[in-house]
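There is one chain below, alone, in C-alpha cells, taken in the form predicted on its own.
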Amino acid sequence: MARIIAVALPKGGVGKTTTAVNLAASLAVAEKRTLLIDMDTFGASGLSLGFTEGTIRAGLYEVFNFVTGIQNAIHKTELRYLDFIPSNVQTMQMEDRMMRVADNRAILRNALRGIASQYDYVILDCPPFLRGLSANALAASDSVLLPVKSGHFALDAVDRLFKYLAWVKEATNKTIEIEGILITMHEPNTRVTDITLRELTGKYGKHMFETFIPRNTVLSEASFYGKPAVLYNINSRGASAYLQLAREIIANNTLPAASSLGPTVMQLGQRV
C-alpha cells in the first residue's frame, strides 16, 4: 500500500513544487512506484514535468467533479516508475468550481483508495494555503513534508501548519504524522540561515531531515525545460540533494529488520 506524503506549507516561494517534483522523480529513480499529484490549480508540477494543456487528457478537476475515475487521469512520464496526475484547471471558472467542490475533504481520500495498491509512494504537491485542496490532501495523507526556506515568515508558516495539523488530527485524519521538515534553498554561513536553523531545531528538532537542499540554479533550469533535475543534470548539487532526500525517506520508512536501507546516492543516479 502506498505511503501518501503531502508536501505542504501555507507560504509561497519555499520550494513546494520543486520538492514534490524532484522527490517524486528521485523515488522513481530508486525504483519505487511513485505517483505525483498536482493539488495546485496553477499547475506548476505539470509544467515542471513538461505537460501542457494539449498533452493532458484528464486531471484532478475531472476526478473531483466525478467526470472520470482517477485511473483515467494518470499520465506516464519520462521515468519508468513515475506517474503523474495534473490538476488540469485551465480557466478561472474551472478554478472557482474546483475550490467549491474541494470543500468536501473526503474526495481525494476516497479516490485514492482505488489506486493506492499500485504505488509505493504518492506525493501531493499542495497549494500555499490551508483550506480546500490542501485540506483534501492532508485528510488523505499518511504524513506531511514541510519545505522551509530560511526566514522569519517561513518559521511562522511552520507554526501555523503544526496548529492546523492538530485540528486535522481531531477532525479528519487521526493518523497523519510529520514526514519531516526540509530546509530548501540552503545558503550556509549566513545570519538568516543560522537563526532559522536554531529556531527550527529548538522547536521541532526531532522532525528535521538531515538532508538540506542547496540553492542551485539547475533546479530552476530543469523546471524551465520541463524535466526533473535527475533528467536534466543528475550530477548537479540540487539533483544529488533530492536523491539523498529520497534515500532518507526510504530509510525512515523501512523496518529495521529489512536487509537494506535503500541504495546509495550514486546507485540512485545510475538508475535514471
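Counting begins at 1, following the sequence as shown. None of these values were measured; they are calculated from a predicted model.
Missing here is the form predicted together with a small molecule; even so, the following discussion is about that form.
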With the partner left out here, check for me: in the predicted complex, does some heavy atom of Thr55 sit within 4.5 Å of the small molecule? no
Although the small molecule is absent from this view, report whether Leu219 comes within 4.5 Å of it in the predicted complex, heavy atoms only. yes
Indicate whether Ala25 is a 4.5 Å heavy atom neighbour of the small molecule in the predicted complex. no
Is Arg33 near the small molecule? Define near as a heavy atom within 4.5 Å, in the predicted complex. no
At 4.5 Å between heavy atoms, only one of the stretches 227-235, 62-70, 208-216, 243-251 reaches the small molecule in the predicted complex; which one is it? 208-216
